[in-house]
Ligand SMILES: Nc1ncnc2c1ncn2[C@@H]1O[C@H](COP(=O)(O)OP(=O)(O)OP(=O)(O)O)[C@@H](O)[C@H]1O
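So this first bit is one chain, no partners, the form predicted alone, shown in structure tokens.
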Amino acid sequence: MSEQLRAASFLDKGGTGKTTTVAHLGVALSERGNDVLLIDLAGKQADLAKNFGVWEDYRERIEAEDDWPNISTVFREQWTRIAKKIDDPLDELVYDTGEGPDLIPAHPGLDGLDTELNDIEEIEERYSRLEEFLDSYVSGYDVVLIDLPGSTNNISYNGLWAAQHVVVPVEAGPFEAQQAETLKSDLERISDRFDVDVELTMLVMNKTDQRTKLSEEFADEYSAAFDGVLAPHEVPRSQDVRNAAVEGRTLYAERGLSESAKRALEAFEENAEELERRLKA
């Protein structure tokens, strides 16, 4: 690829399946021949690391205070000086997931980062630090997917600024539909305020139950409200998705999948193909 493709998973709400979506889209894009990097900015719980089974190794490094540098370090003013003293600064941050993508896991240092960034008066400097890191140190990847916090803060703004393309997993429901509409308006406001083109690239209907009329009704509503943005396939609710995550893997590494899990896997694959097409366009 001539240019790196970037997208961030975001919604001002937890529990919508952002981490699961990033993990499975990441593996699907890797299986399509891309070098993929996943970045977890969603908080110290490091759910992406748990989803890929690398959390225990990372937790041991944190407890042994052998966790420097980490993802929170790249947002700080001294990062450039730190990076010059390290032979391969990116290698210090990256973990192999074993399923294709590489991962930079979340770190407890992210918790205090929002306040630190808020002290930076210059707006462009405050919100462009992740973009500068990606441009300078992560050029070797075809695709970068960023899992953002379930709240609007300075870390989220950094992710949106850097990616400029947003993937939003939503469930079927009136509250979720309103949130998606609000997010679309917020992204337009952010673009106008900061003169950065941030767009809603894909809305993914997640955890749907095709046995209920509710999912069908909201599928029609989302299709009308988000014409050209809605993902081509709904991701059905499947206990296998949660079971696999608890075991530290995605559905791609599971055996003996249920029918619902097979449909979910097919949906992730088709949505990943369409996401790649949209990002290239």
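In this text, residue numbers run from 1 along the sequence as written. As the structure is a prediction and not an experimental result, all values here were calculated from the model.
What comes next is about the form predicted in complex with the ligand, which is not displayed.
Sort through V235, L37, L29, A231 and report the residue having a heavy atom within 4.5 Å of the ligand in the model of the complex.
Only one option qualifies, and that one is V235.
Quick one: does K13 come within 4.5 Å of the ligand in the model of the complex, counting heavy atoms only?
Although the ligand is absent here, K13 would touch it in the model of the complex, with heavy atoms inside 4.5 Å.
Interface membership of D47, the ligand in the model of the complex, 4.5 Å heavy atom rule
Answer yes; at least one heavy atom of D47 falls within 4.5 Å of the ligand in the model of the complex.
Is there a non-hydrogen atom of A245 within 4.5 angstroms of a non-hydrogen atom of the ligand in the model of the complex?
Yes, A245 sits close enough to the ligand in the model of the complex that at least one of its heavy atoms falls within 4.5 Å.
Contact of K207 with the ligand in the model of the complex (heavy atom, 4.5 Å):
Close contact exists here: in the model of the complex, K207 approaches the ligand to within 4.5 Å, heavy atoms only.
At 4.5 Å between heavy atoms, only one of the stretches 29-37, 221-229, 235-243, 60-68 reaches the ligand in the model of the complex; which one is it?
The contacting stretch here is 235-243.
Select from 14-38 the residues with a non-hydrogen atom within 4.5 Å of the ligand in the model of the complex and write them out in sequence order.
G14, G15, T16, G17, K18, T19, T20, in sequence order.
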